[in-house]
Structure formats: C-alpha cells, structure tokens
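Okay, so here's just one chain, in structure tokens, the form predicted on its own.
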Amino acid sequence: MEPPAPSTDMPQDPPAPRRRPGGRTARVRALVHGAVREQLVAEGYDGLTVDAVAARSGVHRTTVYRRWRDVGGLLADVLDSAADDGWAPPDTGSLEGDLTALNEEVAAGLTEDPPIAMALIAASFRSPEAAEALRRFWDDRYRRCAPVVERAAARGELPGAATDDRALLVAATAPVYHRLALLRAPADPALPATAARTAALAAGAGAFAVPG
C-alpha cells in the first residue's frame, strides 16, 4: 500500500541534505524526532501527519514542511539519525557470546515500551522513503557488526575460507526478528542464546563460507 499523497499546500522542494546540525537546528530536530516517535506510537502511521507532528513538537508547521516536506521525509530522517550514534557491537571474547549479546539487544529493542522500533518497522511498509531509510539503517548496522566475524576468524573459531559476515549475522538474528516482529509472539528469554549458538556452530562448520 502506498502512503497518502502529500497535501497540495505542502512545499514540493526536495528535503534538505542530511547534516550534523547544532544549536537551534539540533534542538528543533530533536523536538520533531521525538514528536514523530510519540505520534507514531500513539496513532499509528495513519495518524502521523506533518500538522500533528508540528503540533506535538511545538515547532511551527511551516518549519516542519520546509525542512522535512512530508511524512516520508520525517520518518526517513528519524531512521537516518541512527547513523549519528556511537553504537558498536559487544566484544565478549567469543563468537557465540557476541551473537548472543547482539540478539539480546535486538530483543530488547523489539520489546521496548513504548514500542518505537516496532512502529518504525511497521511504518516502513507504508512509506517508500521510510523503507529506503530502513535499508540504510540495516546496511549501517551490518557494517558495524562485521568486526564480530573478523574477531572470530582471528581467534580461529571459523574455518580458513573467508566467511560471509552478513549471511552469518542474518542467520543469527533472524529467529529473534521472526518471533517478535513477524509472529508477534511473546519474547522467549532463551531464544537469543539458542539462535546465536546455532549460527556459531554452523559458521564453525563452514556454512557461511564465501564461494570460490
């Protein structure tokens, strides 16, 4: 399903390029991002409008329209802002431990209250701009997680052939996403470690070796 078309009174200029704002610009961005999250959780995608975000944030609607243009621009900027954080994968000293810790972070994010992560994922199915931003988010997170596999290879936990780090990371985290985001089943405290152990054993057996 496509997102609603923008109102005819919305400015049609392209959104401003992403930058690392400071001062008043940073405060406005923080207020608007907070309002997007709150509105999305409270009213869902259909209740997320530029006017609603402006009202909730206290930022003038003209400023919001001028900078973010529409709902897709708002959602994309919220998701893109994750690239500005300093997150790095945990280093526990073993591949299984690292994957378990990653899965525990994923589970915590998908079960947080209010359910911001789940709301953003759901919104990405309604907005092409949000979907593209979510893909950028995943690309960034997989890139940051590559050291998990590199460390495992250096410790001798993986076979001599090069390992496809993304394939391994997807295999390790997919059961958690499947249970919580797709099935909407109750959290299983044992699942992060179980999925990590399965993926680590498979990796050690060469299941994710790069062909060639």
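Note that residue numbering follows the sequence shown and begins at 1. Because the structure is a prediction, the values reported are computed rather than measured.
The discussion below concerns the form predicted in complex with a further copy of the same chain, not included here.
Asks: Does every residue of S57, W87 and I116 put a non-hydrogen atom within 4.5 angstroms of a further copy of the same chain in the predicted bound form?
Replies: Zero of three within 4.5 Å in the predicted bound form.
Asks: Would you mind picking the one in R29, R166, R37, R61 that has a heavy atom within 4.5 Å of a further copy of the same chain in the predicted bound form?
Replies: After the contact test, the surviving option is R166.
Asks: Can you work out which of A154, A42, A161, L182 has a heavy atom no more than 4.5 Å from a further copy of the same chain in the predicted bound form?
Replies: Answer to the contact question: L182.
Asks: Which single stretch, out of 171-179, 144-152, 66-74, 29-37, brings residue heavy atoms within 4.5 Å of a further copy of the same chain in the predicted bound form?
Replies: Only one stretch qualifies here: 171-179.
Asks: I'd like to know if A190 sits close to a further copy of the same chain in the predicted bound form, meaning any non-hydrogen atom pair within 4.5 angstroms.
Replies: Judged by the heavy-atom cut-off of 4.5 Å, A190 is well away from a further copy of the same chain in the predicted bound form.
Asks: Although the partner isn't part of this model, could you tell me whether S124 comes within 4.5 Å of a further copy of the same chain in the predicted bound form, counting any heavy atom of the residue?
Replies: Residue-level check for S124: yes, a contact with a further copy of the same chain.
Asks: D51: heavy atom within 4.5 Å of a further copy of the same chain in the predicted bound form?
Replies: Taking the distances in the predicted bound form, the answer for D51 is no, it never comes within 4.5 Å of a further copy of the same chain.
Asks: Whether A131 contacts a further copy of the same chain in the predicted bound form should be assessed with a 4.5 Å heavy atom distance threshold; does it?
Replies: Within the cut-off, so yes.
Asks: Using a 4.5 Å cut-off on heavy atoms, what residues in 42-58 are near a further copy of the same chain in the predicted bound form?
Replies: Sequence-ordered list has one entry, D46.
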